[in-house]
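Coming up is one lone chain in structure tokens, specifically the form predicted alone.
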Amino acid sequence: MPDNAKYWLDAINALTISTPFRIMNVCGGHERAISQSGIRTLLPKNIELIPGPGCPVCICPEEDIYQAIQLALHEDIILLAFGDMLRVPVNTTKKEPRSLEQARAAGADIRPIASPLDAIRIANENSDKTVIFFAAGFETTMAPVAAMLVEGIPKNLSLLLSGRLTWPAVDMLLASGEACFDALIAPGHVAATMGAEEWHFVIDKYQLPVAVAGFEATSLLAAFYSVIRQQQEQKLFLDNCYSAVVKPQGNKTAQQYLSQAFDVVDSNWRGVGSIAGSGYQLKTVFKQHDARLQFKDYENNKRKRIGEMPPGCDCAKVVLGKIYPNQCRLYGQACTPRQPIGPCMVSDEGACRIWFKYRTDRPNEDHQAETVTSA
């Protein structure tokens, strides 16, 4: 594969694309690379690039975040979470802390961490206290969490697990008949863990072009070119445009850790609802480290309902690729990175945050307004 972004951009522009062609990029890292490099402004007008459900912060169930907040506020514990999770708002009154960050300001011992190794270190340094790791993320993040469990963790460390699998959300969207894309760019990091072949179902079940991409312009443009050519020639195949990192069967060691630590269960996605086989749950052998079992009184099933976005927030539609971020009613007005209302404005992998940061909605505004009508 030519290691030259201009080569692939020229190849795309040389194609005859007479009708709108909609490409969904699942990964938030892809959307960040696309927006940061201004790729949308360089492509033919009939090509749409649609952000997908690839941000774990955006789809983490509201009830899980609420439970973490309540545990931190009312129990003598140390609560740990990946940094982005601290600012995700939940639906509650303004008199109560609406995020882990606000709960921390109210006196709860909540600490951001960067990896599971930090959780082990903090638990060892505070052996007289219960430490709860609120672990949210997709397969790539869950693999080191699983490894931590399998290899052994301190007795005082428990997990409030909110892990998700990526491909079932895409499968659900395609099976619903409401998918607004003609081709898929599969997430490179997830494919590196689970294997490129995991995405073959897009071809087998739905007869859509698919390519795995990395996070640089060259790999992304090569993947765009591939799916366009696949569609035009009606020759579908799983194209791996990130072969330096992604192998067909993925990382077997990481997969083994995942299968040893977790069961796969039906799970809720914020604003979307329950998706079959899309979540991780601690295996029974690790029940002594399951915060849900240790603190059952804090699990509020009444919060498990579809549409768990704040009033006026369209993050769920953004996650599902039904609208662009700048079409949300609150985008850039009431909802900004400084004061996020919806979860998609929080994380560096959230489509709304990315679009706001790189002003994706401004330099390409006319293009987006026209192409979105075909989605």
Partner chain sequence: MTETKDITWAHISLAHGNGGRYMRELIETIFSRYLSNPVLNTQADAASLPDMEGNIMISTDGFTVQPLEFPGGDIGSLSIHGTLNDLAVAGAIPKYMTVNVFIEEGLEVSQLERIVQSMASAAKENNIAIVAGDTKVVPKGQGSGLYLATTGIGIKSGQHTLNIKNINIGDRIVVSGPVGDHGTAIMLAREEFGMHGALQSDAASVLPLTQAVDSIAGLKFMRDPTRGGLATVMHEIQQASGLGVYLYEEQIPIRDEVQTVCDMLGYDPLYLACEGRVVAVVDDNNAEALLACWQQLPQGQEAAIIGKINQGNQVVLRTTLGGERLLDELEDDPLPRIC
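Just so it is clear, the structure is predicted and the values come from calculations on it, not from any experiment. Positions refer to the first chain, counted from 1.
Unshown form predicted in complex with its partner chain; subsequent notes refer to it.
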Contact test in the model of the complex: C328 vs its partner chain, heavy atoms, 4.5 Å: no
Give a yes/no on whether T41 approaches its partner chain to within 4.5 Å in the model of the complex, heavy atoms considered. yes
Heavy atoms within 4.5 Å of its partner chain in the model of the complex: does E349 have any? yes
Please determine whether L173 contacts its partner chain in the model of the complex, using a 4.5 Å cut-off between heavy atoms. no
Given that its partner chain is left out here, which of F82, F286, W269, Y257 has a heavy atom within 4.5 Å of it in the model of the complex? F82
201-209, 83-91, 261-269, 228-236: which one contacts its partner chain in the model of the complex at 4.5 Å, heavy atom to heavy atom? 83-91
Need the contact residues for 212-250: heavy atom within 4.5 Å of its partner chain in the model of the complex, sequence order, or none if there are none. A217, L221
